[in-house]
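Form predicted on its own, single chain, as structure tokens, below.
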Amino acid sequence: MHIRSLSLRQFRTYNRLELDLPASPVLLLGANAQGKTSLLEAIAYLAVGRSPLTNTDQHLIHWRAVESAMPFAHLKTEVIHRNHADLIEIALEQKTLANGGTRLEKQIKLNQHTIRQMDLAGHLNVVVFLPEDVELVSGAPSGRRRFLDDLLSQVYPAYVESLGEYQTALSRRNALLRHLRDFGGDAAQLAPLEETLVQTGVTLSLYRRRVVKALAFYADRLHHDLTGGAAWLQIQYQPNFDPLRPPAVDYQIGLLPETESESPVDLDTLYEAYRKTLHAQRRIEIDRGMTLTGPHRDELRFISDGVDMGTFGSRGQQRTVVLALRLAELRWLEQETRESPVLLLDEVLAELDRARRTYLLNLLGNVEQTILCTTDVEMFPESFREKTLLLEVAEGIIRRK
């Protein structure tokens, strides 16, 4: 798949943008803070309905629009697939309430029909590599869980639905736990919320296990190539609750994920074990005022040659792990959707040595559309630049160079 056109109004640094793009590499050249990253953010936002850089949609509206009477932002793209095209639109509008307050409303349309956010899955798939992605390895576990959530949300509407229901039930249960701690009451009130956590939490865990298994297979081989054969990579999945497996499951060298045999999953057994655990921990969780068990506490670790890269890896090693992970994400999306996702790379070459730069640029020849941001076009060899569309961005305005 590829993006044929992109339209932005009042989004971040862009007052208005109308851009046509080819099904080939695009180099976006410009100084810092001119709008390069905002363009990639807009495309990622159209793919999953949320930004990879902020959890607050209000921050996406152009600063001048925020000062107007009716602040809004509008994004639109035409995505070309193998046999059809999709038109995706997202509108953000800040509305004034009767009590004088404000509320930001988001409307998503697919081919001019209003849809839910979960229904975006599969209509625009992207892989985004940002400079801060090194935090995927060295940062907090929440970033790694979000990585899994964003990836699965691009393909499976059922995952998006389960994730939303789980997060809502978790928030309400935590609020009720604090109420029971502070004011007392019947702990049996927790049961309906726990049942939602059980049903949706098991679903999330099974999806995550499957995608980590596939990512580990691809990332291991990519990491081996990126290090010149010097190091293999393990992805260690640590589900917070899983009665059928040990606390940590290592995925390394093996058969293709889809060819490995798996034991059948007994959902009723999983549900019942999860249900009993939540019930048994009620007293502790009431005292703590929070839910301590579930996929909201899952973890991923990256191990190379027996060393935890998040704890002991150098920045260069961590960046190599992230690059292998993002390229594994690309491979997995191709496998699941039978289409090449759009690859978005922000200053990806800046911290790579010559060998890794060459390896990455050679891989891009197999991607239908790649959009790369850079402050220095000379980082790219002339042979690569000859095959790209070179655009220059300055103060939210893009021109062909």
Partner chain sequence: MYTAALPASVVELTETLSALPGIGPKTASRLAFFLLRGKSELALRLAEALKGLVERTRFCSICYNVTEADPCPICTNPARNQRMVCVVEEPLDLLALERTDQYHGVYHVLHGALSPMEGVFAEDLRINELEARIRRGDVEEVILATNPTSEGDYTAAYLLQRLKPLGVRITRLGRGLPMGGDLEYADAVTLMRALESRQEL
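What we label the rigid core is the largest C-alpha set whose atoms superpose within 1.5 Å from one form to the other. Positions refer to the first chain, counted from 1. Computed from a predicted model, the values in this text were never measured in an experiment.
Form predicted together with the partner chain: not shown, discussed below.
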Go through 242, 150, 220, 161 and name the one with a heavy atom inside 4.5 Å of the partner chain in the predicted bound form. 161
Quick one: of 176, 206, 273, 212, which gets a non-hydrogen atom within 4.5 angstroms of the partner chain in the predicted bound form? 176
Hey, in the predicted bound form, is residue 172 touching the partner chain, heavy atoms inside 4.5 Å? yes
Does the partner chain come within 4.5 Å of any heavy atom of residue 191 in the predicted bound form? yes
Verify the contact flag for residue 142: yes if a non-hydrogen atom of it lies within 4.5 Å of a non-hydrogen atom of the partner chain in the predicted bound form, no if not. no
Is residue 96 close enough to touch the partner chain in the predicted bound form, meaning at least one heavy atom pair within 4.5 Å? no
Counting only heavy atoms and a 4.5 Å cutoff, which of 73-81, 183-191, 313-321, 220-228 contacts the partner chain in the predicted bound form? 183-191
Take the rigid core as the frame of reference and indicate whether the C-alpha of residue 173 shifts by 2 Å or more between this form and the one not shown. yes
Rigid core superposition, residue 187 Cα moves 2 angstroms or more between this form and the one not shown: yes
After superposition on the rigid core, does the Cα atom of residue 164 shift by at least 2 Å between this form and the one not shown? yes
